[in-house]
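There is one chain below, alone, in structure tokens, taken in the form predicted on its own.
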Amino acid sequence: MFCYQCEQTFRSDEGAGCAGTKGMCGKDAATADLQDVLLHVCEGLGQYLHHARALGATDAEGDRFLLFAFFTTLTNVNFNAARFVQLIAEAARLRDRARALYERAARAAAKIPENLPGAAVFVPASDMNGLLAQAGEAAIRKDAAIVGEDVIGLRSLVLYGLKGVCAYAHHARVLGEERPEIYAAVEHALDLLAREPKDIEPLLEEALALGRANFVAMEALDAANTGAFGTPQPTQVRVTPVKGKAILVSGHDLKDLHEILEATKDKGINVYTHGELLPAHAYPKLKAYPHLAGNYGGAWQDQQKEFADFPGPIVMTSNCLIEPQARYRGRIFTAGPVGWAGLRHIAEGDFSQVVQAALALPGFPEDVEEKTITIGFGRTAVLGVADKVIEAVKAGQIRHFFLVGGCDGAAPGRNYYSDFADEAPDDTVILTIGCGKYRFNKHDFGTIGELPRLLDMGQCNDAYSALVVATKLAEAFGVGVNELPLSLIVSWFEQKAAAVLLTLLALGVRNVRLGPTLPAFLTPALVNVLVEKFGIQPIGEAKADIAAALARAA
């Protein structure tokens, strides 16, 4: 195996990347290699769909499969090797169908179908051992000695950005929001990767094109979430348990949470959110359920302790799953793209097993003293008070906005983000998205006038909301986004963050501070390109970075 797609990848003086028998995330070598093979077959599927689309022919099932398949390969999503054998077979079936679709479309257009090379003609083995023997053909570094590290790094940037786009688009799709331009962009990127490009410029252009596609995907997801569950509202959320039976729902999937709320209605079971599902409490149609009792625990990397202490079943709806411990292995379920060998998987939205488990388990024996936090400052809530925000800026009451957002993780150095929020001057406002906020979202930051200094805008999936707010404020002030008194302090961990970063770059947002480390797949030469073209900077020391941001804005 070789994998360096996330922040926790192994690093040493000899280089970066997880190899050997198991990665830092817990993914074993067989699963990693099978994921590589799956993506290779998906490249072939993308090739045929790309060429068919150019002739006016599309295959919705093939496109939807690509979103799901790529989602399963994100960090901390699916560790079930057997599941990848099934997905590879399904990808090959759809690829063969896409080839027939393309050939029919070509003949209908009086053209001779091309004989597409590479992944398009790769024949996957029928069993796991055979597939593992083929993994070298699908490895991302298979021709590194020929094309060089910069090309490998840019191919990786495109591939990992593509994973993020697919994850966002899948979340939107399950709620009925699909955009043809997203599928076209996914197919285009796969066709490019399948041709094993060797030049820098086309890869850079593709990365930015994916950034633009990701903006569309995030817009679709925003439309899906608000269309299904209403517009997020500022909401007080209880963060301490109440007495009674309990289910914990983790991940990002609002649809799964809604179905669990429906399945537990009037059954005397309280439902708690965990991790990135915290923002669900702000959606009117979800918070209307009286048994959506509160938020439990913190960010994903603390789950092994928190899940062990939770007295009920746990459902993982998307990333981020860590190897389940024996103390709760028998009461954790997976859903959607998530998987772990031996865990019970929920299919077709039937959560009856989870309900039965909740009724059989003890639940919380007593109420814990009530504590709450405030969330729900999505784009509508913030822009609803835009006039007050603009007045406060013009009056000097608000000197600067800091978007301190992104993923959390277990690596040392992430206290930078809590230090940054705590050290931000009292005349600044902190916007936040993603699970990195768990490091400081229970701190008291006070208010500026009637406006809380900490505005929680939602999941990492809600980055669209932050971009809309920045764009609208720029319009109101008559300046560009880069001229706003706004600095972006982004923590990355996995591939959705890579997609969001590409979106920021594609939209021309400059001077993003990125940490706690820069992605291992970016070579020094590629980092220099990002610095020169986009002003990307690594994080430093919190006080110094705050001072630099304020000095630049002055």
Partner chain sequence: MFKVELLTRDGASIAFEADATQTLLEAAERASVYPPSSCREGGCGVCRVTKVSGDAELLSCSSAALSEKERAAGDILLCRSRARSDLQLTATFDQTAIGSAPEPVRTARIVEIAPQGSTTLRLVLQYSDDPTFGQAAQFVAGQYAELAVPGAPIKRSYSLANTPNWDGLLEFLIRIQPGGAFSGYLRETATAGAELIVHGPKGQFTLDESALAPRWFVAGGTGLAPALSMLRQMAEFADPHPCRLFFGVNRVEELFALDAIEALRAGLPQLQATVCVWKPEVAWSGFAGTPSEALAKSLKEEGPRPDLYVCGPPALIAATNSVAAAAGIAQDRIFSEKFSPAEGPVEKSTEPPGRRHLWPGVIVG
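Numbering follows the first chain given and starts at 1. This one's a predicted model, so the numbers in the text were calculated from it and none came from an experiment.
Another form, the form predicted together with the partner chain, is not on view; read the next lines as being about it.
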Q: Flag Leu488 as yes or no: does it have a non-hydrogen atom within 4.5 angstroms of any non-hydrogen atom of the partner chain in the model of the complex?
A: no
Q | Partner contact for Glu323 in the model of the complex: the partner chain, 4.5 angstroms, heavy atom | A | yes
Q) Can any non-hydrogen atom of Gln304 be found within 4.5 angstroms of the partner chain in the model of the complex? A) yes
Q | Lys255, heavy atom within 4.5 angstroms of the partner chain in the model of the complex | A | no
Q: Would you mind picking out the stretch of 342-350, 153-161, 106-114, 454-462 that comes within 4.5 angstroms of the partner chain in the model of the complex, counting non-hydrogen atoms?
A: 342-350
Q: Could you check which residue among Phe401, Phe333, Tyr416, Phe440 gets a heavy atom within 4.5 Å of the partner chain in the model of the complex?
A: Phe333
Q. Exactly one of Ala89, Ala184, Leu132, Ala139 has a non-hydrogen atom within 4.5 Å of the partner chain in the model of the complex; which residue is it?
A. Leu132
Q: Kindly indicate whether Ser12, Pro362 and Pro412 are, all three, within 4.5 angstroms of the partner chain in the model of the complex, using heavy atoms.
A: yes
Q) For the stretch 13-41, which residues lie within 4.5 Å of the partner chain in the model of the complex by non-hydrogen atom distance? A) Asp13, Lys22, Gly23, Met24, Asp28, Ala30
